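Take a look at this single chain, the form predicted on its own, given in structure tokens.
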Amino acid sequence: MKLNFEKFKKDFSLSLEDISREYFIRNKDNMSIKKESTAIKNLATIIQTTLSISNDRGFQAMSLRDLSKESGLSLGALYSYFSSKEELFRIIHNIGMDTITNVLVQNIAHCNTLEEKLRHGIKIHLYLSELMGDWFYFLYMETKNLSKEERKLSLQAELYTENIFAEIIQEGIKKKIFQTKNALLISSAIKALLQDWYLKRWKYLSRKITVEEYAEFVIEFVEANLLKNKK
């Protein structure tokens, strides 16, 4: 099953409007705004403005007045969607993580072999970070500013995607497809390589490396370690 970046973009709609619509549908009973078109439009505006401000100067430095001014929505309108800055963070964090993990899990589920699951998992994660770069940067950078409990939840969410790779590798070890002593270390290394792509995007842009080229490199690097003892 061949997968490239262009095919992925066509198959998966990850616009802010689509993501906001999904959130609204799941949470409309708890929202004061009942008109779907208005809610989706404003949610998308709030999310995009928050990500833009946060990635420019940090979520903690952003005030709700800043958000109101730059989004064009009044403070009263903002409070129709969240009750505090902390709740706003949780909403954006949860929407981002749910979207990323759902797309990742759905894609892997369609693969026929463990090798294919591993390759697709790496590709999908990188392709998602291309289409949702602001989300990935936000989810990674803002963790350090959370409360102890919120940081714990954020780290658990990050480990969830790492564990997806670990489970594939562990199953491959049992079936003697992969040969490694520590599936968790390999999956941690995979996660670090994936993070390097979206945290140091400038480096790869300056070297004119595409996301597909980087995906192939990561796959080759990982398989060289997992398959190095196979005959």
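Here, rigid core means the biggest group of C-alpha atoms that superpose within 1.5 Å across both forms. Note that the structure is a prediction, hence the values are computed from the model and not measured. Counting begins at 1, following the sequence as shown.
The same protein has a further form, the form predicted together with another copy of the chain, not shown here; the description that follows concerns it.
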Which one of 40, 173, 189, 67 is close to another copy of the chain in the predicted bound form, taking close to mean a heavy atom within 4.5 Å? 189
Can you tell me if residue 31 lies within 4.5 angstroms of another copy of the chain in the predicted bound form, counting non-hydrogen atoms only? no
Would residue 25 show up as a contact with another copy of the chain in the predicted bound form if we use heavy atoms at 4.5 Å? no
Contact test in the predicted bound form: residue 181 vs another copy of the chain, heavy atoms, 4.5 Å: yes
Wondering, does residue 159 line up within 4.5 Å of another copy of the chain in the predicted bound form on heavy atoms? yes
56, 140 and 193: each with a heavy atom within 4.5 Å of another copy of the chain in the predicted bound form? yes
From first to last in sequence, which residues of 59 to 85 have any non-hydrogen atom within 4.5 angstroms of another copy of the chain in the predicted bound form? 60, 61
Return yes or no for residue 161: a CA shift of at least 2 Å between this form and the one not shown, with the rigid core superposed? yes
Relative to the superposed rigid core, does the CA atom of residue 11 travel 2 Å or more between this form and the one not shown? no
If you line up the core, does residue 199 shift 2 angstroms or more at its C-alpha between this form and the one not shown? no
